[in-house]
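In the form predicted alone, a lone chain appears below as structure tokens.
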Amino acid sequence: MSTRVAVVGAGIGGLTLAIALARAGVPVEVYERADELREVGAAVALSGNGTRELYRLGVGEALDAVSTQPTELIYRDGRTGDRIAAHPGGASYRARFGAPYWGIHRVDLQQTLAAAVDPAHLHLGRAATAVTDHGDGAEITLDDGSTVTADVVVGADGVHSVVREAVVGRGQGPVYSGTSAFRGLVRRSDLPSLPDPLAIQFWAGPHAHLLHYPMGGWARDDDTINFFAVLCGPRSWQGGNTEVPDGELLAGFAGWHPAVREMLAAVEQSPRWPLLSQPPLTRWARGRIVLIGDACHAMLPHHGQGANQSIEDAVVLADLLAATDPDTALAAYPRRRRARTRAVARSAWETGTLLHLPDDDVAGLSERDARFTGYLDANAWVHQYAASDATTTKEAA
């Protein structure tokens, strides 16, 4: 008899897991608190380590049609606009890593993944309030008081996971990084000063940086650019996303290149988002309850790897559950994933530090420029990884 799996959360990781399990013939039900799959966050970047798995699962072509492949990865000085370093994208990236790099509207990604899941097994408006392990299975309590049981319950419910507490207890959630971000979507036609608008670009400067990339499918003639502007501070964070006074974002980029300020001023200032990271968990599973994605290893976005690591988790866990009994699968899964996700998270934190160096750190700036120049070679281990290949997923514990 096949293992019955219940997934809490219909985000990128949860939906990818559902697709992978269904393709392997493993019964799966997905429970999502939202009553419809709508945009949460503007966009997402998917690198070769994620897109190769989406192709393997049969959704790559559909996603390619609603995505853009950035022409280059460019690092710039935030004030002068000078190029620090550049790396090829588009066809060159795809040829090197065997899969594309995409910029895509998050809602397009989520809805395309959802369309590949049998709607009879995707339960919207069903919020999990608790999860209980029963040794030979687990039980989800939903917000209407009903319960569902499965052989395995997977927490794919994000950085503020409800399921995580059942695995690691209270007080082991994500922590504030000391940095925060603003988001926006701007049309290229509103950015006459922007050089290389079809590239993914980092603009680096003292205590702040700006990331932007094109998104949407050429078939839709979508010329949208997504930006993600990061500032150091506030020192502490209490509560959720907060509104801040108009002009605070622009003030944080005073004296920066005109293209940067033009982009930030082109749309209404968004709320300020805290950037959170999850300290490494020693436990990813308890009994028949297991975590994937941001629920267990939320990381800073400076490598664009949060969604990609969720996809990797999903395909590894699905392959294990399809190949062996639940207890063996849940014991093997963290051993396959823990070291890699920690390495990616650590590298993302280091990159964030490099992006925010002050002008008087001459030695640091020299190291930064060298690191950015060698970025793609030094980080090929991230992009060329094939989670579905058993020969490359035998991670150390």
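Just so it is clear, the model here is predicted, and its values are computed rather than measured. From 1 onward, residues are counted along the sequence shown.
Here the subject shifts to the form predicted in complex with a small molecule, a form of this protein not shown in this document.
Residue contact check for Gln201: none of its heavy atoms lie within 4.5 Å of the small molecule in the model of the complex.
For the chain shown alone, Gly306 is a contact residue for the small molecule in the model of the complex, at least one non-hydrogen atom being within 4.5 angstroms.
Shown alone here, Gly78 lies farther than 4.5 Å from the small molecule in the model of the complex, counting heavy atoms only. Using a 4.5 angstroms limit between non-hydrogen atoms, Val8 touches the small molecule in the model of the complex. Note that among 185-193, 277-285, 320-328, 124-132, the stretch whose heavy atoms approach the small molecule to within 4.5 Å in the model of the complex is 124-132. Residue-level contacts in the model of the complex: of Pro197, Gly137, Gly89, Gly158, one residue has a heavy atom within 4.5 Å of the small molecule, and it is Gly158. Relative to the small molecule in the model of the complex, residues Gly14, Trp273 and Pro301 are all within 4.5 Å by at least one heavy atom.
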